[in-house]
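Let us start with two forms of the same protein chain, each given on its own as structure tokens and named structure 1 and structure 2.
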Structure 1
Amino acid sequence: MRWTAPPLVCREAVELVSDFLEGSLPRRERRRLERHLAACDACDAYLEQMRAVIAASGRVTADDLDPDVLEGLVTLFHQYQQES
């Protein structure tokens, strides 16, 4: 009998979207996400929104940001991680 990973919940799917769009998601996780997206209209819409944001904003690197802005973003990210 082959082990199958449990289905993703929406919160997990949202956390994987960046890696999915960058092409860095491992194959097993990519397939789990694709199955979830096929069944979840809300997460599929979120993925399309992220694609639209990326297309509209282009690519921003850390070097493009003012150091204070970068520090603020990193602080917000750490706060988000602590709340999760």
Structure 2
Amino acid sequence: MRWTAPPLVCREAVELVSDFLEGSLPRRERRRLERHLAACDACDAYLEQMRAVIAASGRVTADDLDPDVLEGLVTLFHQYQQES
């Protein structure tokens, strides 16, 4: 007979969500989480929130560059151009 891990409770499931999305959960753990998510709307909503947060993070744009910083760097660039 095959040993199966006991089902996850929600408190445990939420701690696995980030690794699950990273694809870094061991197969057995992934299956346990998938079984839980299939039966639990609340944890599925948690997973959706996490997905939304990660997608929104990817849409955060870099701070606008200070024009003085850019200008200073371009000046440096020209200095090194002349040296070489």
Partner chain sequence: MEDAELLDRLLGGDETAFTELVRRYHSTLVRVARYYVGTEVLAEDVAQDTWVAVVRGLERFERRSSFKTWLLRICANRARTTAVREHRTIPADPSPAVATVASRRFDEGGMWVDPPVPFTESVEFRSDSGALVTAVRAAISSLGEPQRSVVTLRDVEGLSSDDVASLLGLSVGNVRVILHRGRARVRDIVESSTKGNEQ
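Here the rigid core means the biggest group of C-alpha atoms that line up within 1.5 Å when the two forms are laid on top of each other. What you see is a predicted model, and the numbers here were worked out from it, not measured in a lab. Numbers given to residues start at 1 and step along the sequence of structure 1.
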> Which number goes with the form predicted alone?
Replying inline: 1
> Does Glu22 count as moved between structures 1 and 2, where moved means a C-alpha shift of 2 angstroms or more after fitting the rigid core?
Replying inline: no
>> So that I can tell if Cys10 moves, could you say whether its C-alpha shifts by at least 2 Å between structures 1 and 2 after the core superposition?
In response: no
>> Superpose the two forms on the rigid core and tell me the Cα shift of Thr75 between structures 1 and 2 in angstrom.
In response: 41.2
